[in-house]
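To begin, one chain is listed below as structure tokens, in the form predicted alone.
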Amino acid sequence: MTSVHDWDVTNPVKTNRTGLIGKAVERYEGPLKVTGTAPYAYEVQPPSPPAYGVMVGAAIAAGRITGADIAAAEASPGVLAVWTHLNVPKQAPRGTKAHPRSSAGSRPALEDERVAYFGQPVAFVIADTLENAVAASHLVKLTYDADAPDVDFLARLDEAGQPPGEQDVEIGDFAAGFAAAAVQVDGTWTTPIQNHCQMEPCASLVWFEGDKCIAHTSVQMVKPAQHGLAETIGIPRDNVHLMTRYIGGGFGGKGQTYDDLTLAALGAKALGRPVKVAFTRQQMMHGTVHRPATVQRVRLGASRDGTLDAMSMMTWTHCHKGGNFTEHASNFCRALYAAPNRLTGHRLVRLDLPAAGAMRAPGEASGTMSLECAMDELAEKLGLDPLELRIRNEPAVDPENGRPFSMRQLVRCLKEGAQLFGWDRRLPTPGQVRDGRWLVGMGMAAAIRGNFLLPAKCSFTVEPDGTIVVRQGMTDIGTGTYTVLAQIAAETLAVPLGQVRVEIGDSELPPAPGSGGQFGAATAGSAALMAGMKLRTAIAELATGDPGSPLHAGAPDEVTFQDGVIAISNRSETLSDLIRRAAPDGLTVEGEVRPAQDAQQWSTQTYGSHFVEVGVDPVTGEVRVRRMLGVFAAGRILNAATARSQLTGGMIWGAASALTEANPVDVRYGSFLNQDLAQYLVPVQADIGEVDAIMLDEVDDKANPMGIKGVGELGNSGAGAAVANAVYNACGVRVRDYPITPDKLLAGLIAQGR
């Protein structure tokens, strides 16, 4: 039984009295999803039969549209509208913010005759059925004046410049420190373009109710989507009611909206009926953002005892010609290892490619693929265990800014992971272990990801039947938001989990930043905790001030909560009895969280270690992942099952980055070569062996009131490097150009004379 006084939010250790927070409870929305009744954006039932929209992509990567023949498409059966830049309804100019506080500006579709990338939506067909819309879309005839596509990233490296507003960061004198180092590593690694490949493609359904635009779309951030749509179609922000209640994966690729939402809204407004638009899988590859390719040069200089004297990581990456997105692959290393002489920075090339954007663990996923392999190369030169090298370079404070760490358990992650994995059985000389035809090796890597807390609000309502309703403009991209919010509500109000209802993904609910950047659970959960605490106090004050309550005239801070019952000593009543009598319309409070004023005084990160065992077939060059183990320190874990799922999912993604995932560019046409899941290779279950993730006990009271951090990105940080290091230990071949495909391994094995 817990009292209001027991729940001191200034001491997060005391905020889990019944043990529900952290427990591996089943997903709140699980029954809806497994029965196919969770309505994703495209599946929401509109108030009247919808029309269907299909986008037509550009057949060139750069140039302009010189002609559009839409007559045959307009005459096709069931067609309701055919648009190009010549006749699309009016939209606000790009970037317009009629409301100065809008969190996103206008993003017009079919904007003008210019083509900026292959696959750019350049025409749109609406018909009474999807089949009719698809058929008519093939009848749209566009002619182009094409420019030679500028898409060859590697050929443009010498022209790269610093991203706007950025400078290289140097501490000490890197050049002198590196030159004087007894042992050096100087290597260049390349990582390819990757696509998000969510199970649910980007899709939207829109209709109007009078002047009100009702929009269902698949997006990770609610408010920017609402504001951006309002700005684009030129209506007040409050006239857009945007919902994104169920999302079939995001990974950063749904961190913004696309032309599906804009065109669905324009179509619904023009036709006076609901309009559905969805990207095909092929359209997703070009029409949404991707992780850009990188070139990374890493230089490490160390003394003979393994102490780093100099460390540099410079990254070249690319973005769309109209953008500035930078894959900050060098940033993470600034807080990972100690070294007195340091140099990091980024260079950016702008190309005629679709916009690059955030993708799970932006920066770390790519950057660790070089640094953590370079650390292994350095360990080999020094004759040190790679684990020991990392431990010897553990910093006492943040090596870049001198701030104390709020909590840092990286060494514990490394040591416990090594023990659990059996790292002591690893033979340091490559190619010494065989299992039948397979060469077997082990590799490891460290993991790090920054921790963030953003402003958020959340409301809690206790209804007359005792139900606790959580309302927040948060999203759930499959990470477990519904579930952890329900757990926090049930914990703070001491009611059964089944007595909680969660409503999220709605622009009319208290705002939250959405899912992404590993800040979602900490931010949304902290706001929920504040709301829960305020509701406990409000309930206690209501009961003790109500003459009809057995608790009347008692002290509010003595009220206890347990199993839906409130009490003072031996006087008690159910929560539902109190609310029905004293607040028949329900009792609502709102909680809010903002970053603490002293947040910048600390270096707050999440940490982990990866250990991997692989088999390499020296005849075919095939790599099999046999075992993966990750040990992580990521603050208070809200749900052991969903957190473990996030971590292991990230680890599997890391294996894919090391071994299979890539989307090369056809420089002749400016298009990606792989445009579906038959060609873009992601792991299937048979590709991954045993996978496990261990989460250390941790409550970081400097991070937020509950000591939560995040895990969504952390599992993907360092996992690929651990696979690459295991491949080297198995067969003695280092491949610095990812992914490590059989042809590259075979070339190395042949060069060895195998």
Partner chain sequence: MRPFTYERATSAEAAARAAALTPGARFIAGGTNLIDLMKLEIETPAHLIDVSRLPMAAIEPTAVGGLRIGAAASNSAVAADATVRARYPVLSEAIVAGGSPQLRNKASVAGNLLQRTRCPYFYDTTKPCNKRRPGAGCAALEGLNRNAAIFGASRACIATHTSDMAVALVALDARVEALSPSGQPRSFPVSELHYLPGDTPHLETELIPGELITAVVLPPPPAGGQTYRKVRDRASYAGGLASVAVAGGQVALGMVAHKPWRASAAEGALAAGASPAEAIARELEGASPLGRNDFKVPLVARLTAAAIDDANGRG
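Numbering follows the first chain given and starts at 1. Every value quoted in this text rests on a predicted model; they were computed, and no experiment measured them.
Just so it is clear, the following notes concern the form predicted together with its partner chain, a form of the same protein that is not shown.
Checked against its partner chain in the predicted complex, the residues 429, 620, 419, 143 give one hit for a heavy atom within 4.5 Å, which is 620.
For the options 664, 547, 383, 402, the residue carrying a heavy atom within 4.5 angstroms of its partner chain in the predicted complex is 664. Proximity of residue 451 to its partner chain in the predicted complex: non-hydrogen atoms within 4.5 Å are absent; the residue sits far from the partner.
Although the partner is absent from this view, residue 668 contacts its partner chain in the predicted complex, with a non-hydrogen atom inside 4.5 angstroms. Interface membership of residue 18, defined by any non-hydrogen atom within 4.5 Å of its partner chain in the predicted complex, is ruled out. Taking the partner from elsewhere, residue 679 is found to have a heavy atom lying within 4.5 Å of its partner chain in the predicted complex. Note on the interface: of 131-139, 516-524, 481-489, 420-428, the segment with non-hydrogen atoms within 4.5 angstroms of its partner chain in the predicted complex is 131-139. Although its partner chain is not shown here, in the predicted complex the stretch 737-752 places heavy atoms of 741, 742, 743, 746, 749, 750 within 4.5 Å of it, in sequence order.
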